[in-house]
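A single chain, nothing else alongside it, follows as structure tokens in the form predicted alone.
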Amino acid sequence: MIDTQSLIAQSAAKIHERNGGRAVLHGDVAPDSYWDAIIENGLHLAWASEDAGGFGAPLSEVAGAIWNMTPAALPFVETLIANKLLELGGLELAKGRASYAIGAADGVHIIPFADAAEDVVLFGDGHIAHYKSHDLECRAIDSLSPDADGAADFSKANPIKCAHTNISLSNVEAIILTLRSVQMAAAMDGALSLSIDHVSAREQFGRPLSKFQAIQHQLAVAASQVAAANMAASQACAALSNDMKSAWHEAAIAKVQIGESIEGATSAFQQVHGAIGYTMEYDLHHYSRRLWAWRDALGNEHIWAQKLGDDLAQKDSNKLWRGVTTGVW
């Protein structure tokens, strides 16, 4: 479940409204006042347990906060993920902007929001390591997203803290894919609202675009894709809240479903907007570019469909139906 009405989610909505809007969408990085408000309200620590120094908020409420701040050019989700990894490793939480990477400590790995992050958490080889971003050699990489991903070389840097952990790669993937699924569903929902507003206000041949059957059909298709994405994200959140170690399947399913939904939905959004949807001055590309980038991050829906198929092929055939229908393997 994604709770957009909780106290935490409403706080996030107010922060976004007061510090966000078009200024955030059209800036390369959100203003400092935006992040300062997140720190002041402790939202960057919301998902971490009280024992680790966080709020211990349920994922449903944290997901609502993510929903209400999407899209914004700041590493809120990345910081939540980084702090969850630090907690799982028994390490001190990051106090400021943070991000994460996956891989061995002697390699080059992708960091979301590389330019903005002050701390980077690396998971790999059964270890969680905490680095300061200024100790990493990082170069910008081409990306559809405006959020400045980077490739960092960890081989020449020393972590400030490192810990062994018994969590697996699939556990970490479940965390990342689930929070990304919430972001993607939220961005699709925002783009749908933007599209509805546009066709309601724009007139052609003496009547609003929303009155044309072809436009109605396009938005109906997009709305069905958005609904599917919302359900997939909600299911992934519920699974991760219940048991992180068995949440991988729902997270992977969400990745596949939302990846497929993005294709149909963004195509409809662009078409109903016409030429204005392709301009840098209009807001739509801030949603669509991030959606396309998030869809491909950690592998697109085709790669994850293959992973799901390979995993299912190894399951006990007598338990397959129960697993597919109930999520219990």
Partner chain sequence: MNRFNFPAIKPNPALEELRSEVQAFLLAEKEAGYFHSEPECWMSSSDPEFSRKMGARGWIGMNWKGYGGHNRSALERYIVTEETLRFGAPVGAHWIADRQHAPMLIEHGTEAQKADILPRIAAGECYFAIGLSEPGAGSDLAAVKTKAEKLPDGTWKLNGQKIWSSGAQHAHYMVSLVRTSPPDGRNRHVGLSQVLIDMSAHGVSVRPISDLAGDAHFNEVTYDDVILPADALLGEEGGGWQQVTSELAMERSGPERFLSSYVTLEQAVIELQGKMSSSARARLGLIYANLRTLRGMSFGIAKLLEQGVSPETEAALVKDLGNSLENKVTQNVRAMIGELPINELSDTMKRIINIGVLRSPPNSLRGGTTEVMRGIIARQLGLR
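Residue numbers count along the first chain shown, from 1. What we label the rigid core is the largest C-alpha set whose atoms superpose within 1.5 Å from one form to the other. Predicted model only: the values in this text are computed from it and were never measured.
Just so you know, the form predicted together with the partner chain exists too; it's not on screen, but the next bit is about it.
- Here the chain stands by itself, but in the predicted bound form one stretch of 143-151, 82-90, 97-105, 208-216, 208-216, has heavy atoms within 4.5 Å of the partner chain.
- Leu192 is the sole member of Ala157, Met244, Ile167, Leu192 with a non-hydrogen atom lying within 4.5 angstroms of the partner chain in the predicted bound form.
- Contact annotation for Val221: at least one heavy atom lies within 4.5 Å of the partner chain in the predicted bound form.
- Proximity of Glu78 to the partner chain in the predicted bound form falls outside the 4.5 Å heavy atom cutoff.
- Contact annotation for Ala13: none of its heavy atoms lies within 4.5 Å of the partner chain in the predicted bound form.
- Taking non-hydrogen atoms only, Cys162 never approaches the partner chain to within 4.5 angstroms in the predicted bound form.
- Contacts to the partner chain in the predicted bound form (heavy atom within 4.5 Å) from stretch 279-299: none.
- Core-superposed comparison between this form and the one not shown: the CA of Lys14 stays below a 2 Å shift.
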